[in-house]
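The chain below stands alone, shown as structure tokens; this is the form predicted alone.
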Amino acid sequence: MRFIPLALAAMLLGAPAMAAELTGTLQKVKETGSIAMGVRDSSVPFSYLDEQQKPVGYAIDICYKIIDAVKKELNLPNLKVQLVPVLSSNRIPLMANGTIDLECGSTTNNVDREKQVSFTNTHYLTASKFVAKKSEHLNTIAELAGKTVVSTAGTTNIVQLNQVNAARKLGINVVPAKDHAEAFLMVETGRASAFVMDDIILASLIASAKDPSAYVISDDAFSAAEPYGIMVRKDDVPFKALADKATREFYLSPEGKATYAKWFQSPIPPKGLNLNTPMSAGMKHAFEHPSDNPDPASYN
């Protein structure tokens, strides 16, 4: 009889993986056989619609690397991917309530947002600036005093704009837009003097404009270079660990650098535009040392 406890112990020690139960997003994905990816329609080149109205972009390519890791982890080669359109204003609530499982776009990772959601390793660094028509002769934040300035609702950019406006008493009429396309259209049609947004988003919108030469991006910035990350649910440790591992391996690989060049240094759909944006020193550091740190200073 004294050998029975030893036998039971051996059986228990021999099957830890079998006993581990799935939780959070991985459990949901396993049970439903699908994963919900939040996508944007105008965040070029991160997540936007091509000529067939199909979501494409740099962040979407990264998300599919995470999904490949999920397929392997759960042994679900035929995992269904559900594409869910999101806006800047609803992406965090849709993540928190379980509508989407990962968000693939141009979402800034910062301390405030980390109270509600989590982020994978940084995939881009950008600063908050403004675009205006050259005919407006605007280049500094001070020159926006008394002007109508638009920014996209639900972004860190409109928060920064409001903070600077109040702190410096500029008297700017701040107008929220539902998305980046609407905001740029307001500048294009003269309903706003400037549009405050991440510099790479502004560059992509200018490149897509009827007359790109008519616009200029400010030298003045509302922020230091801030990190973008793929958004996942807060406190979902197993899923975030899987996403972190997948993105880390991707960024450290030749494929990661090739994917960056594909979207930032090559012609992209639908018009064959080339953003001509090589990796900055900060981006090279982020790829060589993958991190989910929200502090811009950590990427210097």
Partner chain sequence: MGYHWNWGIFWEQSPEGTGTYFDMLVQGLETTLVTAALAWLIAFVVGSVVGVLRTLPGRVAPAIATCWIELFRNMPLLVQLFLWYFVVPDLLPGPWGVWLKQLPNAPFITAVLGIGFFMSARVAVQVASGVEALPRGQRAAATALGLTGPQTYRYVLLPMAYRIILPPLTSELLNTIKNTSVALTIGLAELTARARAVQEFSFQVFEAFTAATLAYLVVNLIATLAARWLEDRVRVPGFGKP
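Bear in mind the structure is a predicted one, so any value in this text is a computation, not a measurement. Numbering follows the first chain given and starts at 1. The term rigid core refers to the maximal set of C-alpha atoms that superpose within 1.5 Å between the two forms.
Below, we turn to the form predicted together with the partner chain, even though it does not appear here.
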| item | value |
| --- | --- |
| Option from 204 to 212, 111 to 119, 67 to 75, 137 to 145 whose residues, in the predicted bound form, bring a heavy atom within 4.5 Å of the partner chain | 111 to 119 |
| Full three-residue contact with the partner chain in the predicted bound form, heavy atom 4.5 Å, for L125, S223 and E288 | no |
| Contact assignment for the partner chain in the predicted bound form, among V84, V216, I92, L170, heavy atom within 4.5 Å | I92 |
| Close approach of K80 to the partner chain in the predicted bound form, 4.5 Å, heavy atom | no |
| K240 within 4.5 Å of the partner chain in the predicted bound form, heavy atoms | no |
| Partner proximity in the predicted bound form: A59 to the partner chain, non-hydrogen atom cutoff 4.5 Å | no |
| Non-hydrogen atom contact D199 with the partner chain in the predicted bound form at 4.5 angstroms | no |
| Heavy atom within 4.5 Å of the partner chain in the predicted bound form - qualifying residues of 161 to 175 | Q163, N173, V175 |
| C-alpha of I200 moved at least 2 Å between the shown form and the other one on rigid core | no |
| Rigid core fit then G171 CA moved by 2 Å or more between the shown form and the other one | yes |
